[in-house]
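Below sits a lone chain in structure tokens, taken as the form predicted alone.
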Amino acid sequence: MRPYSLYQEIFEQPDRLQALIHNQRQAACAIAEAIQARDIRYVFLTARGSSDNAGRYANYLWGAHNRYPIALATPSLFTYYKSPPSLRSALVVGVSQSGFSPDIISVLNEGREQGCLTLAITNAPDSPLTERADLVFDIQAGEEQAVAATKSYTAQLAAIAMLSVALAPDPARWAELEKVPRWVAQALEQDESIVHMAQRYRYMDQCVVLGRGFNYATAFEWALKLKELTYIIAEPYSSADFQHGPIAMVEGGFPVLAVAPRGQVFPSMSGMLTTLREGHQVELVVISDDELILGLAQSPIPLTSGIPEWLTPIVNIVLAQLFTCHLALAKGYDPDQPRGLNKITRTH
């Protein structure tokens, strides 16, 4: 296989995460101090694309571990409708790999005008987005050559996790976070087995992707990567939402991809996957650290055991990236040149 940029960047992730966690811990603590010095009642977060999925992770993590309500912005209210909501007592956060999306910038602009504290989480510390931010978290992922985000996405997740720990300091959680690069490296050891697994799905043209809790974000990001790189109609759902209607479209052999690590939402995911496999005879691809659930799947992707649930999205998505990259190649597509896409998308 020739050295595709996407494939290379997937394998950069352990080193990039190691450097980020080591180099930016002090920055995370300084940002946390600035946030705690203000009367912040909730977080108003704006993002697009993969960064929007990182925002979904923040929605769960900052809610569960830091007790912050998270509102995900609707940028069209700021750009087209010119009717932004009141942002009193909000921390306004923009998450963007490039820092150039006008609609994300417009939300931070409005936050500043309303006197809010603003934070940019970005891979471009000298971008237009950071000019509107009081605080900047540089994710230090390095230049990303591939159009589809991989290392910048996991770096965003890690930055969000670092801020969570900095806002509620706990040596045990810092220690867990420091193990993430090793867990990601272990995930990448499955590369060869995933190459062969992907061949089974080279004619797949539609699927659903299930995740819940912290990995609700993973379901959305995996589905996005499938759409970007393999042109499959991939629809993401939580296991709960899927049960409220969409499950009706499933029949024997229908492909269901799922992210189901052990944790608080595992019983829900386990019950749904058991129902789908035994009651509907679906085709299952499952990322999990539970042997029984892996045993249900025609294509099991084992996750290293012992990873705390709150950190599993950083590791799970790397396995999903490998699957999607190899599926694109199995279908005869160039993962570095997805049709109709550019690295920087300037939406308004």
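For every residue, the number given is its place in the sequence shown, counted from 1. Everything quoted here is computed from the prediction, not taken from an experiment.
Here the subject shifts to the form predicted in complex with another copy of the chain, a form of this protein not shown in this document.
Only one of 248-256, 177-185, 149-157, 117-125 places residue heavy atoms within 4.5 angstroms of another copy of the chain in the predicted bound form, namely 248-256. Within 4.5 Å of any heavy atom of another copy of the chain in the predicted bound form lies no heavy atom of G99. Although the partner is absent here, I233 lies within 4.5 Å of another copy of the chain in the predicted bound form, judged by heavy atoms. For the chain shown alone, P84 is a contact residue for another copy of the chain in the predicted bound form, at least one non-hydrogen atom being within 4.5 angstroms. Under a 4.5 angstroms non-hydrogen atom cutoff, another copy of the chain in the predicted bound form has F44 among its neighbouring residues.
Taking another copy of the chain as it sits in the predicted bound form, the stretch 37-65 comes within 4.5 angstroms of it through a non-hydrogen atom at D39, I40, R41, Y42, F44, R48, G49, N59, Y60, G63, A64.
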